[in-house]
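One chain comes next, on its own, written out as structure tokens in the form predicted alone.
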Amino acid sequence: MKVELKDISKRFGNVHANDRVSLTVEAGTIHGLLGENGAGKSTLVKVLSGFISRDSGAVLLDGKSVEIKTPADAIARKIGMLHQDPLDFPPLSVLDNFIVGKTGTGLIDRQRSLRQLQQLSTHFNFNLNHYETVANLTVGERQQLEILRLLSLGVSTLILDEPTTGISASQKTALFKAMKQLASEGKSIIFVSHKLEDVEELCDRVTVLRHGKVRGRAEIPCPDAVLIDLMFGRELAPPLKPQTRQSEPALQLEKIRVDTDRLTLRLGDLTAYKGEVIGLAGLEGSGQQQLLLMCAGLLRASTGQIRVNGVEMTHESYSKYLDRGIGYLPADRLKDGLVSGLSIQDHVALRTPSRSLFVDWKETLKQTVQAIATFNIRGKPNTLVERLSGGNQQRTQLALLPVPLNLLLMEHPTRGLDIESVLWVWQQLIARCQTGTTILFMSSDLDEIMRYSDRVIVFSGGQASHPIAVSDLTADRLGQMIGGRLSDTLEPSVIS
């Protein structure tokens, strides 16, 4: 099905999210919609999928003008959207979620639905346990389920909004293979992303948005420099990573074991130094998050000792970790890092220590305006945090961190961010290191691990390698270690 969007405009207050945007997607093609965070990509596809009503413009399907006012209208027009966070019901099973949305009279034929789910799973080589509870699935598996559900509803135009955020490399490979297969079967695919490498690997052509307007179109392959110029209007250079490691220990771990329902993490002795950046690599769920949560005081070690700047912290409360200058940035910004329903100013008020029962809103407003300016947050003091783009949510989280910090612990610090925001975030983090802050961060982006770490620890199934200097690593060796070929796991011996 050929999809045409003509002169779509949409305002949110004073913000012109889409300004006369036009887009044409031919049947049997994969069309990339590229742009930085806040460029208007998600707004445009939500107009097409019925989640947002347009202010003006037209939607044409196979040359005929149509009205799409709700997601049900979109499904009826054979248009389905895979959101960044799949719209599913975690307490229900895979099969129950697959059935959701099916119309008809009388009782649902579960056996027929099961056969259809099995056939579609086999067709796309998706390995889903049909009776597993969705809450136990990974993000990639939830995406696969939602794709199959939409296809079972007869969708012929599929929209994917930042689908590679938070999924493993193998799941990304399976996703891209499925998209190419759907395109070969005549489906039209709209692939929303800010990642050049994903667009170049998957798409046939691309439309680039910047500040709500179309800045250009290109056939793929296309030089990176051209796409970057269209996205940002200038060249982008990564920040220099100076030598910031000092000789003084910041974090010392001794004979650590952490037990959780799903994993037992065992570490030997580890010393991280002031100003050092240690990258934590490995497949999701291999133990990196447990280490960060333990170092933040959010997860207790079953055995072992933790010292921060020489002070024993093993059995201290989370508030004591905060007092010791330890900051933590979770991967899920809205669920764990920020509070939906509260504004940027509300968050600044919550962060600001006070001995009074009353908030000094005048002073808080002043601090908020300063934070917005310093961290270049695209929002106003009264903007609700859920209304911010992913990049601006991350900027807000960084703005809320106290200064100075002894230890900064981060899960996927740049996940879902465009190139400019990634470079900006690491500029701020490197500046922290220069003042003596030690950083431990986990990331699924091996380039990020290699570029910004001084040393890397690789995790696999609750085991961890010795910290390895980046100068001694190659991307190939790192990939093999992540796959389970760990050498020199952290046995009880001093690592420095």
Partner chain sequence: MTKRIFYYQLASIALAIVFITAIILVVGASPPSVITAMWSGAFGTVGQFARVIATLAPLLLCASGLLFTFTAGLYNLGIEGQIAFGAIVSTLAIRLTQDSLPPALVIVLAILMGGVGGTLWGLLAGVLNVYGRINEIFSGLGLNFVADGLALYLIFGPWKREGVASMSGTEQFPESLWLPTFGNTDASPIALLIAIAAVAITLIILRGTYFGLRLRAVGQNLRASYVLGIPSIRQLLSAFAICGGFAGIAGALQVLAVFHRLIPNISSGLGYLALLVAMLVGLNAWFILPVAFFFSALNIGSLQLPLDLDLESSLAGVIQGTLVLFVLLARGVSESLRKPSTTPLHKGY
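Since we're looking at a predicted model, the values are computed, not measured. Residue numbers count along the first chain shown, from 1.
One more form of this protein should be noted, the form predicted in complex with the partner chain, which is absent from this view; the next part is about it.
With the partner chain omitted here, the record of contacts in the predicted complex names 336-344 of 212-220, 336-344, 304-312, 264-272, defined by a heavy atom within 4.5 Å. Candidate site formed by Met179, Leu202 and Leu227: none of these residues places a non-hydrogen atom within 4.5 angstroms of the partner chain in the predicted complex. When the partner chain is considered in the predicted complex, only one residue from Asn376, Thr352, Gln119, Gln370 comes within 4.5 Å through any heavy atom, namely Thr352. Between the partner chain and the residues Leu114, Leu365, Ala169, Leu322, the one pair within 4.5 Å by heavy atoms in the predicted complex involves Leu322.
Shown alone here, Leu240 lies farther than 4.5 Å from the partner chain in the predicted complex, counting heavy atoms only. Within 4.5 Å of some heavy atom of the partner chain in the predicted complex lies at least one heavy atom of Leu293.
In the predicted complex, Val403 stays away from the partner chain, with no heavy atom inside 4.5 Å.
Contact check for Tyr328: a non-hydrogen atom falls within 4.5 Å of the partner chain in the predicted complex. Residues of 110-142 are not found to place any heavy atom within 4.5 Å of the partner chain in the predicted complex.
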